[in-house]
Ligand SMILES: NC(=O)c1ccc[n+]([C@@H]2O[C@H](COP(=O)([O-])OP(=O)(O)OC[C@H]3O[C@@H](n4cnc5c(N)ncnc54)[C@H](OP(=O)(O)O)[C@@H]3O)[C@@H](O)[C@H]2O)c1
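This document starts with one chain, in the form predicted on its own, laid out as structure tokens.
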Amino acid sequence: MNTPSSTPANNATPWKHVWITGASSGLGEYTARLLAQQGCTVSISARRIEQLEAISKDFENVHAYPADVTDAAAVKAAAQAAEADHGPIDLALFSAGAWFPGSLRDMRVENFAKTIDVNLMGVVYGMDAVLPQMLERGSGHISWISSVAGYVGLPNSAAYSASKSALISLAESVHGELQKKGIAVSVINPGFVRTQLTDKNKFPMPFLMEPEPAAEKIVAGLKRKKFEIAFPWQMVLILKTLRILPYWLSLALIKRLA
């Protein structure tokens, strides 16, 4: 990873203060670094304090607020501390993720529960931490990282696909109500991106992206307040096509692809 200068560039974003959960690695970290380079004050949260502090040392405008996203009280406390120190959170990005690959023969209930807790409830707790203030101000932007795996149920990904599908539905459900209140909603659906999570995969990952261009796509989409930010287009096209096919055909194709 290239280590950017600690001096931020001129503000090129519509946000003064951004809060990112799951920011100690992966897309959360790379997006935090990119937004810091573009001049935002970035508050970052995750469980791993050492990684958060290492990122914040690279920038004068990045600040660490450790929190486990499965702990509702800790998430709320982190958001409150960040706002007390740096002002209202204009953009919240919830990017913490859990992924345990394997077939149902290897399913462990605790891993299934952790996937739902991190991927879904981690977003819900984040929303609870920032929405009251945004609703009071009548402005703000909330976003979270789902996945193209949320379009269809993929083999060996029961918990992951279920959690990501729920995140897409959550975004669809809250969009209309929050838009009327002046709050933008974005759901981010990446394909395979090279991170610590995907390093677990023992299978070929088509259209694998590096995290830097993925973060650039995320930030570009957020600046435009796009509801869905999805990439790469090849994976999006394939899986969205499968989603609209009748089940007898889509399930047969998914089986062959797997």
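One-based numbering along the sequence shown. These numbers were taken from a predicted model, which means no experiment stands behind them.
Missing here is the form predicted together with this ligand; even so, the following discussion is about that form.
ask   = Does this ligand come within 4.5 Å of a heavy atom in each of 171, 185 and 226 in the predicted bound form?
value = Answer is no for this spot.
query = Looking in the predicted bound form, any heavy atom of residue 195 within 4.5 Å of this ligand?
reply = Although this ligand is absent here, residue 195 would touch it in the predicted bound form, with heavy atoms inside 4.5 Å.
query = Contact between residue 95 and this ligand in the predicted bound form at 4.5 Å, heavy atoms?
reply = Looking in the predicted bound form, residue contacts with this ligand include residue 95, since a heavy atom lies within 4.5 Å.
query = Hey, in the predicted bound form, is residue 160 touching this ligand, heavy atoms inside 4.5 Å?
reply = The answer is yes: residue 160 has a heavy atom within 4.5 Å of this ligand.
Partner contact for residue 146 in the predicted bound form: this ligand, 4.5 angstroms, heavy atom = Although this ligand is absent here, residue 146 would touch it in the predicted bound form, with heavy atoms inside 4.5 Å.
message = So this ligand isn't shown here. In the predicted bound form, which residue out of 118, 142, 89, 154 has a non-hydrogen atom within 4.5 Å of it?
response = The residue from 118, 142, 89, 154 that makes the contact is 118.
request  = Just give me the residues of 64-90, first to last, that have a heavy atom within 4.5 Å of this ligand in the predicted bound form.
outcome  = Counting only heavy atoms within 4.5 Å of this ligand in the predicted bound form, the contacting residues of 64-90 are 67, 68, 69, 70.
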